[in-house]
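Given as structure tokens, the chain that follows is alone and in the form predicted on its own.
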């Protein structure tokens, strides 16, 4: 695979508190105010300050679903959701999305209540994000480091990380909402430092060799069993599935335990569950996500020579 080059990646935005009750990012924002980085312009953003103050995921709507091109172009009125207004403010500060003025790299920090270690969420078209994942995977040993990729067009990307020329989100967990854990904070701090290290090496002229890595691609979302009349949940995630994110789920494996004591089993093809029993996904009617593990190839990259 032929190598590719990019202009220097000298403008780096770190977004924190996109969900106001995911506290690693909130405290990381405060911590980064004291940090100085050489040769990289680091912009730190508290994405959803009202939600942070209220220690809620969001005020009106999920901010991390507001960054499609269509929503960023929506006219703002007095009745517009707070998060839509905030998305356009962020886009104006570190974008505009899809423009030459957008920051070179945007990293959005998140927590999950699921047992997922450190996950790099990125778009499959972004080989820079893939190289950063490879670097983090080689450096961080305290938790598993995995990647989850999406194939949607950037224009339809609804997450904040789609605003930068290159972007990724870091998910670390498990961590309850409204709580900061030292181990997860340390993982994100280490990841930030390694990303800075990688950017400095890239801008200094280092060539990063391509290769192949295993990543996960979402294939379907699984809801909880529900009462047909009331739509209320009738079962919880089975103990054998709970906390076993990314463990291959085979046909016949238990997935739910009903409140009457009945075990419900997986009937589909063999896939990998993640975001298992994620607290924030109850409202989205998602008990867990199933994905396939695929091997992706990516090219060598280097900085464009003048």
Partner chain sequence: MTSNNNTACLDEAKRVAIFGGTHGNEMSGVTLVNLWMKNGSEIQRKQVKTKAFITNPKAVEKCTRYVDTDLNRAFTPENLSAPGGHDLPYEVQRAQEINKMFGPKGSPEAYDVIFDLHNTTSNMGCTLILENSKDHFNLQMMNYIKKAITPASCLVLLNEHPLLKYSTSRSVAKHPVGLEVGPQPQGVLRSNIFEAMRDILKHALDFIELFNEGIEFPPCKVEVFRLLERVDYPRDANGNIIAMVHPNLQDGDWEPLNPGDPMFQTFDGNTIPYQGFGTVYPTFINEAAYYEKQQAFVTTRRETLVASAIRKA
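Source: prediction; values computed, not measured. Residue numbers count along the first chain shown, from 1.
There is another form of the same protein, the form predicted in complex with its partner chain; it is not shown, and what comes next is about it.
*Asks:* Quick one: from 71, 180, 196, 222, grab the residue that has a heavy atom within 4.5 Å of its partner chain in the model of the complex.
*Replies:* Filtering the options by heavy-atom distance leaves 180.
*Asks:* Quick check on this chain: which one of 186, 142, 138, 125 has a heavy atom within 4.5 Å of its partner chain in the model of the complex?
*Replies:* Of 186, 142, 138, 125, the residue with a heavy atom within 4.5 Å of its partner chain in the model of the complex is 186.
*Asks:* Residues in which of 42-50, 235-243, 263-271, 58-66 have heavy atoms within 4.5 Å of its partner chain in the model of the complex?
*Replies:* Going through the listed ranges, the match is 235-243.
*Asks:* Would residue 250 show up as a contact with its partner chain in the model of the complex if we use heavy atoms at 4.5 Å?
*Replies:* No, residue 250 is distant from the partner.
*Asks:* Report whether the minimum heavy atom distance between residue 36 and its partner chain in the model of the complex is within 4.5 Å.
*Replies:* Residue 36 lies outside the contact set for its partner chain.
*Asks:* So in the model of the complex, does any heavy atom of residue 153 sit within 4.5 Å of its partner chain?
*Replies:* Looking in the model of the complex, residue contacts with its partner chain do not include residue 153, since no heavy atom lies within 4.5 Å.
*Asks:* Does the 4.5 Å heavy atom contact test between residue 113 and its partner chain in the model of the complex come out positive?
*Replies:* Contact with its partner chain, yes.
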